[in-house]
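So this first bit is one chain, no partners, the form predicted on its own, shown in structure tokens.
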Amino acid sequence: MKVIALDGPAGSGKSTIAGMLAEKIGFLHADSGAIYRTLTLASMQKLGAGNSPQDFGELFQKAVLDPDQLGIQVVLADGKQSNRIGQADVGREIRTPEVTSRIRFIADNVPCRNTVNRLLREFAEQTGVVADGRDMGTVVFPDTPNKFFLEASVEVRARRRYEEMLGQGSSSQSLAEIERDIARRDQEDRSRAVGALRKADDAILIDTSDLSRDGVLSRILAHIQYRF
């Protein structure tokens, strides 16, 4: 099993870097978020979506579903990660706003996290992967020697998000509001009962605040080039 684990707080650039790194070295970017979305969609199909995310959350908490019985599969298909319910690829269906607004109930559920972690490990048995998240190096792939923790200041991450929004023609939040949101998200992620954000003791810390994407990629490649 060849795995590179990238962890870090929201906005640190880990997902973007994971995709760039995977392409550079011929690995696949293991999209853990897509698996959580697939599990969310399968739960919605089983229980109903409810009239609101909160309604769904109440349905989900009362149902006590076994996530291993929902038919979720993550397979390698045409050189890409295919997220399936049964035999059906649901790559488009999992990107809807309805799924996005309900995923938090799945992500905080211990049995669901255990299922996602198992699927990630099984996927990594099929091909080399770059996996990013909050606990890839501490929980999901603790034995990989290739662990990196990307961080950046709240101010830098907020500015990146603000500039991204402006580039998309959206300015629904001020820079100060985004900073507050990111600081709140950091606190929540670090204090979660399961899957909390934490740097693995043997992970290499990279502060991306003053680095370009290519600069971050170069630093990671410098560390792993002798291993692959």
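Residue positions are given as counts along the sequence shown, with the first one as 1. Because the structure is predicted, anything quoted here is derived from the model rather than measured.
Not on display, but discussed next: the form predicted together with a small molecule.
Asks: Considering 199, 159, 185, 46, which brings a non-hydrogen atom within 4.5 Å of the small molecule in the predicted bound form?
Replies: Flagged contact: 185.
Asks: Exactly one of 118, 84, 95, 80 has a non-hydrogen atom within 4.5 Å of the small molecule in the predicted bound form; which residue is it?
Replies: Comparing distances to the small molecule in the predicted bound form, the residue within 4.5 Å is 95.
Asks: Between the small molecule and 17, 19 and 148, in the predicted bound form, does every residue show a non-hydrogen atom at 4.5 Å or closer?
Replies: Judged in the predicted bound form, none of 17, 19 and 148 sits within 4.5 Å of the small molecule.
Asks: Taking the small molecule as it sits in the predicted bound form, is residue 107 near enough to touch it, meaning that at least one heavy atom pair lies within 4.5 angstroms?
Replies: Contact with the small molecule, yes.
Asks: Do residue 192 and the small molecule share at least one heavy atom pair within 4.5 Å in the predicted bound form?
Replies: It does: once the small molecule is placed as it appears in the predicted bound form, residue 192 has a heavy atom within 4.5 Å of it.
Asks: At 4.5 Å between heavy atoms, is residue 152 in contact with the small molecule in the predicted bound form?
Replies: Although the small molecule is absent here, residue 152 would stay clear of it in the predicted bound form, with no heavy atoms inside 4.5 Å.
Asks: Does the 4.5 Å heavy atom contact test between residue 204 and the small molecule in the predicted bound form come out positive?
Replies: Result no; residue 204 lies far from the small molecule in the predicted bound form.
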